[in-house]
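The data below hold one chain only, encoded as C-alpha cells and taken in the form predicted on its own.
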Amino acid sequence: MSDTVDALVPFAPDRPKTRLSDALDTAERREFAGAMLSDVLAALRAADFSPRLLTTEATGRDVPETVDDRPLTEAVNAALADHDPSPESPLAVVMSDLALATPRAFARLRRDGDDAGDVVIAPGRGGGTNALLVRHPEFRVDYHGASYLDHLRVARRVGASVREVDSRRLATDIDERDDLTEVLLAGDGAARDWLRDAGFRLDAGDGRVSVERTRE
C-alpha cells in the first residue's frame, strides 16, 4: 500500500444538516457543517489519508473535489468504479459530520495486515455506515435505510472479507440537537469551538447532561 490512502468525503453544502433546524438556522447549519468538515479533513490528513470532497456544489476549499449532485449512493458508487479499489489502492468513504473523529480512530480504519479486511466498516449509531475502507473491486455501497446491514450483505455477495471498527468516535455522527452534547463533551476542534462561540454550553441541571444556548 502507498503511504497515503485516498479518502472520499461526501458533503452537501446546499442541504446543511436539516435535522438540526430546531437548534440552528440555515446559515448557522451551513457554518457548523463546514466546521465539522474541517475537523474531519484535518483528522484524515493526520492519519495519512489523502481526502477528496464529493460535493453537490463547489466549495472553494483548498482540497481536491468532485462535484456530483446525484443521490449519495449513486455518486459514491461512481467514484468507486472510477477508483477501482484493490489491496494496493484502497478507497475510504468517510462522512463529513464525524466531529469526534481523531487521527487515531481513522488509523484503525486503514490498518494493514493479513486481517485488514477487503471491506472495513465503522458503523454509525442506529444502523448507518459512517466510514468505509474498500479494497475489493466489486464492492458497492447502498446508503438507504440500515446501510450497515446492507453493506454486510453486499460484502458477502461479492465474497469480500469484512472487518468492523467499533469506535465511539467514528460511530457518533452529528445529526440532531442532542448530538451537540457529544461535541461539547468530547470534541476538540473547529466544531466544538463553533458551538461555544455560538453560545452553546453543557447543562447538567436535571442530572442528565444536555446543551443549552445562552445567547442567540
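In this text the structure is predicted, and so the values were computed from the model without any measurement. Don't overthink the numbering: it's just position in the shown sequence, from 1.
The form predicted together with a further copy of the same chain exists for this protein as well; it is not shown, and the discussion that follows is about that form.
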*Among 25-33, 42-50, 160-168, 62-70, which stretch has residues with heavy atoms no more than 4.5 Å from a further copy of the same chain in the model of the complex?*
160-168
_Residues A146, E182 and L202 are flagged as a possible site; in the model of the complex, is every one of them within 4.5 Å of a further copy of the same chain by some non-hydrogen atom?_
yes
*asked:* Quick check on E176: any heavy atom within 4.5 Å of a further copy of the same chain in the model of the complex?
replied: yes
_I'd like to know whether R108 contacts a further copy of the same chain in the model of the complex, with contact meaning heavy atoms within 4.5 angstroms._
yes
*P123: touches a further copy of the same chain in the model of the complex, heavy atom cutoff 4.5 angstroms*: yes
*If you check in the model of the complex, is R15 within 4.5 Å of a further copy of the same chain, heavy atoms only?*
no
_Do any residues of 12-34 have a non-hydrogen atom within 4.5 angstroms of a further copy of the same chain in the model of the complex? If so, which ones, in sequence order?_
R19
